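Same protein, same chain, two forms; see structure 1 and structure 2 below, as structure tokens.
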Structure 1
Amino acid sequence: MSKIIHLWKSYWRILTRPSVHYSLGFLTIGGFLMGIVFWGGFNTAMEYTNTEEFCVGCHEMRENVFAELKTTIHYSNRSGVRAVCSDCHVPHDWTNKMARKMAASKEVWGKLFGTINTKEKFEAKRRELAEHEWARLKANDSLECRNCHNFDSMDFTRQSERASDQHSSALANGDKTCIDCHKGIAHKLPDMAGIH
């Protein structure tokens, strides 16, 4: 027992006055290296949750939204550039990304406790889930769309007349943002009662 107390005391000394026993350089570099390991591990784990493999790992996503995405232009098109879930659903900057991840844990919670584990339950909840995404994209001026679709690089003369009419007016003057006009570009829309 006294041995343990002794050991503890010496550790405590090291912890409280570390520079007596280890050089400052060792501590700095050691701390730095450990930092890299933990930070890297954390970020790698975070990165993994950004992959499509992770997103469609559960059947709720695979059989509903992913199956629908596959039929759209964001999955297959003539140029072969495609969007994965995180391109549209996860912000790029760190704070917003973490905030979105926290919100997404709610969806994982939903998975664990089966709030959307059948097609019917998912459809019933769908309008609410969609409203959250619309509100988010409306608030950030469709940032995730603009990460790929740069307004300044849009050549109106190459767009259809309907597209260039709307883009050069309501979009250009900031009245509307992408998601106001382009709902349902990646998945089937839920019951839109009340929208028109």
Structure 2
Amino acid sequence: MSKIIHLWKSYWRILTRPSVHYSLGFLTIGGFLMGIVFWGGFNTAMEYTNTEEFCVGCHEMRENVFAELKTTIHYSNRSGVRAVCSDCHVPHDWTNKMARKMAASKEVWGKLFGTINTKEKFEAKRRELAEHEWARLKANDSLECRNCHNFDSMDFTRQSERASDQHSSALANGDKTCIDCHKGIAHKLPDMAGIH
């Protein structure tokens, strides 16, 4: 027993005073390499959580919102460009992406505690969930939409008269953002009673 204690004490001394046994250069290079390994693992995990496979890995998403997405132009269209979950729900720039990932941890609690694990529970919370997402998009000026859709790239002459009028007005006034008019573009709208 005393050999084990002696061994632990010697390891503890090495850990608490590593410069006695290792050079500062070795520690610096070792720390740098460990940082690269950590960052690579972290970034790989973050990119994996942005894949469609990850997002629809739980039945709540696969059987509800993903099934709805499959019927929209964002999933299947003449140009073959498909938007995956993260294109619309996760900002592309790193700072906003990390903030969104932290906020999404609340969704993990929902999965663990089964708050939307049945179609009935999901439908009961649909409006609340949609309103949270609409508020988020309104607050960031529909940043995720603008990653693909840009007023500067729009040809208003090729749009319907109504769409052209609305987009021109929104561009000129700057008072509206994509989500103000395009709720329900990729998912079924909740019961909208009481909303204009």
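Residue indices: 1-based, along structure 1. Under this definition, the rigid core comprises the largest set of C-alpha atoms superposing within 1.5 Å between the forms. As the structure is a prediction and not an experimental result, all values here were calculated from the model.
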Given the two isolated forms of this chain, which one is the form predicted on its own?
-> 2
Does superposing the core leave Leu7 with a CA shift of 2 Å or more between structure 1 and structure 2?
-> yes
Superposing on the rigid core, do we see a C-alpha displacement of 2 Å or more at Thr28 between structure 1 and structure 2?
-> yes
